[in-house]
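Below, in structure tokens: the form predicted alone, a single chain.
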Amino acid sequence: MNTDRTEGDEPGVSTTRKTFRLLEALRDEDGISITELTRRTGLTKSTVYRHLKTLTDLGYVIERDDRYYIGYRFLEISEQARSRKTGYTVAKRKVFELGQETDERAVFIAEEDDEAVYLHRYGSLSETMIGKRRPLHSLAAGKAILAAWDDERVADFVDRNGLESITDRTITDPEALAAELETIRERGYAVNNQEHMDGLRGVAVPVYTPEDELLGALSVFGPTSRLKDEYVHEKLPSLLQDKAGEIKVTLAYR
């Protein structure tokens, strides 16, 4: 009996699931052996070997000294995703400018499948964050995106996902979230006060195309020791709004 196959899957679907299970394990490790992959994924050793052989032949996985790594060929795919919309490329420059001007970490985040996805980041470990997914409701950028949605869409989002507690400051009550989003709409920016990570505060604004399509959100965040109230509520919002406006104008004249 084949224990690798997920019950109910067609053969092709089962094969695809196993491929991605392996890739996700490879992503999480800086080099991993077949034995370790077998233990990590629960697949048989022969199955792991067959999949790795195919992925290696295609250039998506490389093998060095009996250990396997994600190959650079995935960069072609990931870069296409990050440049799928022209605005994403323009946002990359603005993230760099924000980081340079504030000397803090800056990000551009887009929403996909009810999650915040890091497309661009400036600061320490910036490249390791690209593609990472986080809950929308715990990030300043995520809340800026949620505030751009109408109430019905937000309610559907909460019904599908709930409001997980990430820290003891995360908003977990739907009514409290609704009130927070209304405040964000009124003042034009979102604030994260240690809701995703203790000791970190962030500010974010939504980014729109010239056709008023929501593109994503720009955010600057840093330690609470530097991001004091005056800086968070006075300087950063206007700076972020200026950059968001520049993205919109740049796209309008392209």
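This is a predicted model, so every value here is computed, not measured. Residue numbers here begin at 1 and follow the sequence given.
Same protein, other form: the form predicted together with the DNA, not shown, and the subject of what follows.
- Interface residue among R226, R27, K53, R185, judged by heavy atoms within 4.5 Å of the DNA in the predicted bound form: K53.
- This chain is drawn without the DNA; in the predicted bound form, the residue among D57, D66, E211, D198 with a heavy atom within 4.5 Å of it is D66.
- Note that among 186-194, 32-40, 200-208, 213-221, the stretch whose heavy atoms approach the DNA to within 4.5 Å in the predicted bound form is 32-40.
- The three marked residues, K18, T44 and T47, each reach the DNA in the predicted bound form, with a heavy atom inside 4.5 Å.
- Using a 4.5 angstroms limit between non-hydrogen atoms, S14 touches the DNA in the predicted bound form.
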